[in-house]
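Below, in structure tokens: the form predicted on its own, a single chain.
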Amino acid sequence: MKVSVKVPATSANLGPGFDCMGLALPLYNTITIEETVLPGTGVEINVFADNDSIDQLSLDHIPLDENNIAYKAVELLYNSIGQTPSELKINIATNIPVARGLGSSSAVIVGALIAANELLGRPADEAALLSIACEIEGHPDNITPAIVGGIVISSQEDDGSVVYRKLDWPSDWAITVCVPDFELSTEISRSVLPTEIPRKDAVFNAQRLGMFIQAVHTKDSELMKLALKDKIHQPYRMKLVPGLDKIIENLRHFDNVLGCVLSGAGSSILIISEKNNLDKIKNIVRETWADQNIKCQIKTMSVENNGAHVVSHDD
């Protein structure tokens, strides 16, 4: 039996929503799991680029044994029903840039879980899949939109369950995804964050998160310009993304730009704007990064409203 699952990229945090908000984007990884018939072959894992824009070198450090996150996800699901995975072949076709803050690892976790769940006859429902995925990833901001699609605010509760609600993204707002040619690991990006934050900064972010949700509901562009600010993670991570401060400064002159935020832990950034002057916005980013000798790929995208789904199931 063989199952393939297609999973969208995700962008987490979105300014004030640190570890609790994310959205799905129309870039995809495809994870295929096949039960092999030869006893004693163990687990075979293959990782390969699904298009020319993915640097194969960025995939070479990914473990191809039981330390691979896809296998860890499969193992957790099997263990949850009292089984142990045996002879499996796992193929990971990567179309999401690695270590760029676009949820590549979450997509692999989610895809492996859903594929394994199909192989096992669907013992886990959505709630169980969310809980297991978060156990691996540590927080629900990428995992949840990868599974359910759209823009999502979510929380992992003390019992491990995930509570989420989807928001309706205004169709008049564009999301321009800017991916630089350098990686930034989540571990490094997390290491620069303080263990404690001032109360005034926590209050500031609570205010902005409330503004964000209201701005999305009411399609209020002026409120969104205030809502996309953050004091919990972006100020500390700014130094890890050369040129980001200059990009933000240069974009202030565009009335249609609602904000520029780090995508997840970086290094990619998202520019949220109204749908005019998009070429000028892209040129500002491209030229600012070029001054830092940084190349980039830039594309305006819509929110992917569909989450992970099975694309083939062969018995």
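Everything numeric here is computed off the predicted structure, so don't read it as measured data. One rule holds for the numbers: they count along the sequence shown, beginning at 1.
Although it is not shown, the form predicted in complex with ligand HSE is what the next lines describe.
Proximity to ligand HSE in the predicted bound form, single hit among 139, 208, 72, 89 (heavy atom within 4.5 Å): Here the answer is residue option 139.
Single option in 186, 131, 176, 95 placed near ligand HSE in the predicted bound form, where near means a heavy atom within 4.5 Å: Contact with ligand HSE in the predicted bound form is made by 186 alone.
Non-hydrogen atom contact residue 12 with ligand HSE in the predicted bound form at 4.5 angstroms: So residue 12 counts as contacting ligand HSE.
Heavy atom of residue 19 within 4.5 Å of ligand HSE in the predicted bound form: Looking in the predicted bound form, residue contacts with ligand HSE include residue 19, since a heavy atom lies within 4.5 Å.
Exercise: residue 165 in contact with ligand HSE in the predicted bound form, heavy atom 4.5 Å: No, residue 165 sits far enough from ligand HSE in the predicted bound form that none of its heavy atoms falls within 4.5 Å.
Residue 237, heavy atom within 4.5 angstroms of ligand HSE in the predicted bound form: The answer is yes: residue 237 has a heavy atom within 4.5 Å of ligand HSE.
One stretch from 278-286, 264-272, 245-253, 25-33 that, in the predicted bound form, holds residues within 4.5 Å of ligand HSE by heavy atom: Result of the contact check: 264-272.
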